[in-house]
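Here's a solo chain for you in structure tokens, the form predicted alone.
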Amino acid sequence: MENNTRHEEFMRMAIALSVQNVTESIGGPFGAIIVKDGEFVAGSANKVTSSNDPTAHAEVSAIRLACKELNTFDLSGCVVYTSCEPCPMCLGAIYWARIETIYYANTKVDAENIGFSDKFIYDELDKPMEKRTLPVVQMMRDEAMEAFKLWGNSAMRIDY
């Protein structure tokens, strides 16, 4: 789908979701849609404050809806159009979903300029675990390995 008109049409849909979210006082100024084979699959705006869910960013919410619509956890062949450059969490979700391309409008610097900064998270990820602000403590690995062993030998195992 190299037709710029279609790309612009889909990006306008994502942007419209972000604008609607603000004008209707639903949540933050972010929208995202998922497209497969040139067809709209699902879309969502940011739902963090309306759902009291810090993971309900537009991209994650759109991925959840697309997976439900397509009845799969694997969104290979899909693309995401998002009104803003994805944050680290959304970027991770996009990779896990196997989405093949990200199209975005606003940058993370644009988001930072209105109070949505991911810089702290990016900085924290660059630090060794023992130097991060949030304490990270490993414990009970031997007991937890039981589930991994069971998974490794399970006939019902589905790799993802």
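Worth saying up front: this structure is predicted, and the values here are computed from it rather than measured. Position 1 is the first residue in the sequence shown; the rest follow in order.
One more form of this protein exists, namely the form predicted together with another copy of the chain; it is left out here, but the text below deals with it.
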ask   = Going by a heavy atom distance of 4.5 Å, is residue 77 a contact of another copy of the chain in the predicted complex?
value = no
ask   = At the 4.5 Å heavy atom threshold, is residue 35 in contact with another copy of the chain in the predicted complex?
value = no
inquiry  = in the predicted complex, does residue 111 come within 4.5 Å of another copy of the chain, counting heavy atoms only?
reply    = yes
ask   = Does residue 95 make contact with another copy of the chain in the predicted complex, using a 4.5 Å heavy atom cut-off?
value = yes
ask   = What residues in 62-88 sit within 4.5 Å of another copy of the chain in the predicted complex, counting heavy atoms only?
value = 63, 64, 67, 71, 72, 73, 83, 84, 85, 87, 88
